[in-house]
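So this first bit is one chain, no partners, the form predicted on its own, shown in structure tokens.
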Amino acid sequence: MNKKLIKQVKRSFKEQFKTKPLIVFSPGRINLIGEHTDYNDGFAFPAAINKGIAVAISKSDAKTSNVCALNKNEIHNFNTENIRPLKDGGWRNYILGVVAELQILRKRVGNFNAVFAGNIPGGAGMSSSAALENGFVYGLNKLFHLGLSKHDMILVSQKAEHNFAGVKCGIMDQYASMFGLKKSALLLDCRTIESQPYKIDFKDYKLMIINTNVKHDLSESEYNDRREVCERVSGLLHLDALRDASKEDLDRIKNDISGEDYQKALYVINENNRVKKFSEAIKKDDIQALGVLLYQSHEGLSTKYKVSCRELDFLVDRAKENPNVLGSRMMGGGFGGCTINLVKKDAFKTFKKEISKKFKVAFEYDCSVYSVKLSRGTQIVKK
């Protein structure tokens, strides 16, 4: 949790609305392994992190709701009746979507005032959208006594993303942001939406996130395309989802699908198996195995699922060359964003400097490097 961020939204809220707000902190998330498995009812290994979004919120007697995005210096006024998605609505649609989905559940949400700010790097695959949705649904649930459980709330957040932002995301982002635990990752079963926490000791290593600071335009359309491929293949197999498929199943219909679709489905099957192996390696305290699985995951994402890009591949290739890096892979939807790396603590600064320099030479602009810790999920900040 970021105290500076919380103070910032609290001060701004009091200046604008002259009252004490409820404060919610909602974290971003990383995913250690298990990418693009969530919408296949599969397994993932996410964790909440110590970067996120702080929301200051209170009820309003006015006829409109007012939401201020502090980082962008933008305000949106709206009435909670007859909510529709806005064309090019950006951050507004996530919040409008949450209110609309609550109304579908016949929950009465009155007008409210809110200020929010975040320190999640944009486009880095750390799910700032899920943090924003969760922050607002959590705050509104508390403010208007809606009686929703955390499970109810993450489904509201997910539907807001589907219906207002137009991204058919799985449940992993919202789940990890809501249910995260300190120093732990969650082995998440995306079918049952239940998880098992694993306390992880990375020993002499720590997590480094390297943001390419690039997001290629095709990310959303290509994401939805990958989902369609998975649904089509599982349909041909007469299965509910690829989670239930084995390589032997896939080989039976190999002649009925394109080579590219075969590789994409195979990636999902293999990645689900890697998640299970990752959890076994944590139990055995086998830190070396974690690194190997990260590299294997990236290889599959890049060559089979084809959601990487040359900037991400460059970062992983440079990581492989460095003996102080145990493992690396792209993280998130792909086509940009960041890599997650396990780097030796005593070599962290040196590798940061080295990789930043090499990236600048190769692409003529800067990447960004962050250290993150595994943290607690969405919560009310005590006054």
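Note that the structure is predicted; figures quoted are calculated from it, not measured. When you see a residue number, it is the position in the sequence shown, counting from 1.
Not pictured, yet referred to below: the form predicted together with a small molecule.
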### Query
Honest question, do 36, 172 and 332 all end up within 4.5 Å of the small molecule in the model of the complex by heavy atom distance?
yes
### Task
Work out which of 205, 223, 262, 91 lies within 4.5 Å of the small molecule in the model of the complex, going by heavy atoms.
223
### Query
Which one, 339 to 347, 38 to 46, 61 to 69, 312 to 320, holds residues whose non-hydrogen atoms are within 4.5 Å of the small molecule in the model of the complex?
38 to 46
